[in-house]
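We begin with a single chain expressed as structure tokens, specifically the form predicted alone.
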């Protein structure tokens, strides 16, 4: 496939990685990946990045006082109420 098709198919990666890509598009993407090493590398790297993030991410919260000072400094006080 040419670079245009690569870009078009790779534009669906987020849905593909999330398992939310339509079956027909999923089959097209997988067929393309079977013959395009460059796109396979991109998909593998993205998949590993997402997986690594999911296994290492911890939910951290910013202390309320710090959050308030930051929002005040950025003049975003209106968003503190949301």
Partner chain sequence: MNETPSKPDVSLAALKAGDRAAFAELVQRHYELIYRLAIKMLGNPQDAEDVLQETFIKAFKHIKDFDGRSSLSTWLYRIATNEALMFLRRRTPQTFSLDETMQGEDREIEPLQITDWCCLPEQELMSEEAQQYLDHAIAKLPVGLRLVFVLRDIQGLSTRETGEVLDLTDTAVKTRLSRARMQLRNELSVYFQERMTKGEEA
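For clarity, a rigid core is taken as the largest C-alpha set superposing within 1.5 Å between two forms. Since this is a predicted model, take the numbers as computed values, not measurements. Residue numbers count along the first chain shown, from 1.
Omitted from view is the form predicted in complex with its partner chain, to which the following refers.
Using a 4.5 angstroms limit between non-hydrogen atoms, residue 13 touches its partner chain in the model of the complex. Contact annotation for residue 35: none of its heavy atoms lies within 4.5 Å of its partner chain in the model of the complex. Using a 4.5 Å cutoff between non-hydrogen atoms, residue 23 does not count as a contact of its partner chain in the model of the complex. In the model of the complex, its partner chain sits beyond 4.5 Å of every heavy atom of residue 27.
Heavy atoms closer than or equal to 4.5 Å to its partner chain in the model of the complex belong, across 26-51, to the residues 38, 41, 42, 44, 45, 46, 48, 49, 50, ordered by sequence position.
After superposing the rigid core, the C-alpha of residue 70 moves by 2 Å or more between the shown form and the other one.
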